[in-house]
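Two versions of one and the same chain are coming, encoded as structure tokens; call them structure 1 and structure 2.
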Structure 1
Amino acid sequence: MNTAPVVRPEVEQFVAAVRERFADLDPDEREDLLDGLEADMSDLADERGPEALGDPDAYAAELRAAAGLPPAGRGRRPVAERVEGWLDGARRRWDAVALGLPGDPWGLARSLRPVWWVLRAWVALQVVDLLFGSGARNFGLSPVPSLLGWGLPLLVVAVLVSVQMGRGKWWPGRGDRGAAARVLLLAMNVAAIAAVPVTVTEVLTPAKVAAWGMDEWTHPVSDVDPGVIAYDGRQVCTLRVVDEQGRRVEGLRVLDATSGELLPLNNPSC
């Protein structure tokens, strides 16, 4: 079975930078001129190391001169081209920093992209539920968004869309996307990352924690006798109810919400 050759990240960055210097050419003319560049640079990097690639500006200038082309224009480019140039430059700088870290954490993060695609869809739907659905009307979100009973099927659809965008199959994640699509995808990812803490906090509200029986996990009370009054895992030894003049009110009872039993307001075990 034939497999595509693995291209070094340094070669990808170099070729992308060279292509930027030929943005003034028609796509067909540019492809004719740069066809095989990636393979040639890969062979060069394999033989002499990544440092042999050199400066993409100098390489592009020599290639343009050899092809009889004028120097790359330095005039004001369209907004879309400038945005794409800025995004490409930011990506190269990020890759240069990330590839230099020990243990290849960036490679690990890239291998976990499918997890992020699913999480991104879940967070997006939770935000919709929080703003417009049941999350805005009750005591918090649910792990599966409710959205008037459509939460689960909508979550499946959202995950499908997010994964297909991440795989580069659907806009705005396709490889032929323009500057607007790249900016939109970047904004979506940044917004999803920023919404993760808020979403998790709204899912794990105190009321939800109590409803799911997670109190002992979040606030262990195993050392406190269940027959006494406790607060935040500590036994309460002094509990008095007074009126607005500070006089003690007698004869009060505590209602046990579980059993419905009225209990005297005292703590004789202290």
Structure 2
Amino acid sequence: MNTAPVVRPEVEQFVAAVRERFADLDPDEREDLLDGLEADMSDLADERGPEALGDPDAYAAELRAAAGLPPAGRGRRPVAERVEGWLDGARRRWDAVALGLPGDPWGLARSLRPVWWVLRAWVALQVVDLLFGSGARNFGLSPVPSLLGWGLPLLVVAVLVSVQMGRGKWWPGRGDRGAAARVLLLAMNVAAIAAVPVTVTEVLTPAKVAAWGMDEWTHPVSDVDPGVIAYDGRQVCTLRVVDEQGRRVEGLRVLDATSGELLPLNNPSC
């Protein structure tokens, strides 16, 4: 069977951190230094435990010196470096906790990442719909965001973008991402996670009609007032325009096509 090689997440992360520290080298030189490193570090971690991986900064400096390359240049801005140091540290602490849990829940979570990539794309479009589309018009949200009819194609595009970012193919998710891209990615993911509950609640809330209450009521036709509308032998006091899902549509009027006159939606004489 042709399966992708399994690399411990700590090793993957360590090699990525070392790669970051070779950002100033030319790509051939960098790949030459890094080629085979995952296998070597995997052996090291298997034999002496993941703690033996040590500090990527010191490791990268030692590797450069032994390879006869100049020490890392000062090309990168200190702020970016500090942010990256903080992010790396947070990630290491997170991994230390997550990898210590029994039953490898982190491994399970990692294999569910594609599900999250799809979910966050959907949430992002629902938030747009909520703020500027159907939500802003009080129509409520539907499982496929309506977005003036562009919901489905936009959802396909959003899922594609999200998955490509998740796979590390597109900015800001790309493998060689810098501090700014990492912060942006973190912020977008946190925002998407925060938006999940409200989005799901909005989508699951049925038509606004139910929330507003069914306020149409009828009278028997026997005491029909000539000034009110009658249907099927009964008079209709209040008209509501709703869509297919029964959600109330505001701002519309009902025209009597026979007379060419607008009908009153509320009849005070009922």
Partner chain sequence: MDSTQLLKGVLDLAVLAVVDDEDGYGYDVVRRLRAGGLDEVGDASVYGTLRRLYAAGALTSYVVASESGPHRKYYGITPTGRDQLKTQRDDWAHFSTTVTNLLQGARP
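Residue 1 is the first residue of structure 1, and the numbers go on in sequence order from there. Note that this is a predicted model, so its numbers are computed, not measured. In this text, rigid core is short for the largest set of C-alphas that superpose within 1.5 Å between two forms.
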**Q.** Of structures 1 and 2, the one that is the form predicted in complex with the partner chain
**A.** 2
Q | Cα shift between structures 1 and 2 at residue 26, which is computed once both forms share a superposed rigid core (Å) | A | 9.2
Q. How many angstrom apart are the two C-alpha positions of residue 41 between structures 1 and 2, if you fit on the rigid core?
A. 3.8
